[in-house]
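Given as structure tokens, the chain that follows is alone and in the form predicted alone.
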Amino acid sequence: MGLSTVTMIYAGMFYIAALVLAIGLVYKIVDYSRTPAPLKIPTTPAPTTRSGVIYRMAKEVVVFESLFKANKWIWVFGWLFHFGLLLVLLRHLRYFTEPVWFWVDIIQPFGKYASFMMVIGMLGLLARRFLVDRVRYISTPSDYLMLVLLIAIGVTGMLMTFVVHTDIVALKMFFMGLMYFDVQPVPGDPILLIHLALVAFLMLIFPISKLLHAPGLFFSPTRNQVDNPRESRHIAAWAAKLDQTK
């Protein structure tokens, strides 16, 4: 029995989206790594050792330290969104692993309700775009689009979890089939199809969106530089090459 048109469309859509996401991320990360930093410009007070920089970056990634110091309300909504998103993504690993890793089983109930954290956080960030004058002034249509898209993904996922259940066994077979190039039928539930289409769209636009601040954080010279201009002269790689040619 042949595969349905819907299955072929969604299989092709996810193959293309995964390819665009992977190539786009690799390209941007390589581009970030090659961008010269001609000046020593760490945001002070900054660590004076490499281990201190690593500790600082860890605090930025885990607890958003600079955002916490800048604005407590934005920090609350931002942390709710990011931590909820992390749990939700980890919970979704059950669709891509067989057998399911034991720790993925353990976080299932936490990931299930973390969707509320994620959506509440995004709603707060969206409200900020409308209610804070200086933020509304600098907001562009893409800023609203990203938040609305993420909210729509979260809401449709919650609907399938708590309201209209889908066949998760068939869904897992579909994604496992994609991983091994053995396409299996995708469940035909309308909410699921909308959810998957939104996820694929997010994957397609991620490499060209502001969401790239995720990997970009690690390449920010204001965060990843050691504050040692007196002890060590900072020479950008391109400047060092010029000196060698003289």
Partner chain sequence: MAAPVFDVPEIKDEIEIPKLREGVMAHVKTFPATQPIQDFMGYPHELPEDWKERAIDKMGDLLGKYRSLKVFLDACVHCGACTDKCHYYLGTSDPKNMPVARQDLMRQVYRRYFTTAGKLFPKLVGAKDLTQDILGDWYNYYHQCSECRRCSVYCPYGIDTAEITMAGREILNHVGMGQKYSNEILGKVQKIGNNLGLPGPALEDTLEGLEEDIEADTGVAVKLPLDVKGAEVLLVTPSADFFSEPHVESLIGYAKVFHAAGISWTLSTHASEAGNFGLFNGNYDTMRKVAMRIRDSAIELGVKRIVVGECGHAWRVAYSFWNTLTGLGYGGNDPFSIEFQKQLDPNYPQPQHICELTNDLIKSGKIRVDPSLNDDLVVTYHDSCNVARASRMGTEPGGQFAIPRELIRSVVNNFHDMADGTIGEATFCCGGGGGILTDDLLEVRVKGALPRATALNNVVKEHKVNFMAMICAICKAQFTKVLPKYGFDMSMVGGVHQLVSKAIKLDKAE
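Whichever C-alpha set is largest while still superposing within 1.5 Å between the two forms counts as the rigid core. These numbers were taken from a predicted model, which means no experiment stands behind them. Residue numbers count along the first chain shown, from 1.
The same protein also has a form predicted in complex with the partner chain, omitted here; what follows describes it.
message = Taking any heavy atom pair closer than or equal to 4.5 Å as contact, tell me whether residue 74 reaches the partner chain in the model of the complex.
response = Output for residue 74 is yes: heavy atoms within 4.5 Å of the partner chain.
ask   = So in the model of the complex, does any heavy atom of residue 145 sit within 4.5 Å of the partner chain?
value = Although the partner chain is absent here, residue 145 would touch it in the model of the complex, with heavy atoms inside 4.5 Å.
query = Wondering, does residue 28 line up within 4.5 Å of the partner chain in the model of the complex on heavy atoms?
reply = Contact check for residue 28: yes, within 4.5 Å of the partner chain in the model of the complex.
ask   = in the model of the complex, does residue 190 have a heavy atom within 4.5 Å of the partner chain?
value = No, no contact at 4.5 Å.
key: the partner chain in the model of the complex: contacted by all of 38, 216 and 234, heavy atom 4.5 Å   = Yes, the whole candidate spot contacts the partner chain.
inquiry  = Given a 4.5 Å cut-off on heavy atoms, tell me which of 136 to 144, 86 to 94, 113 to 121, 165 to 173 is the interface stretch with the partner chain in the model of the complex.
reply    = Contact criterion met by 136 to 144 only.
request  = Report the residue, out of 58, 194, 179, 208, that has at least one non-hydrogen atom within 4.5 angstroms of the partner chain in the model of the complex.
outcome  = Selected residue: 208.
query = Using a 4.5 Å cut-off on heavy atoms, which residues of 55 to 72 contact the partner chain in the model of the complex?
reply = In sequence order, 60, 66, 67, 69, 70 come within 4.5 Å of the partner.
message = Using a rigid core superposition, assess whether residue 12 undergoes a CA shift of 2 Å or more between this form and the one not shown.
response = No: residue 12 shifts by under 2 Å between this form and the one not shown.
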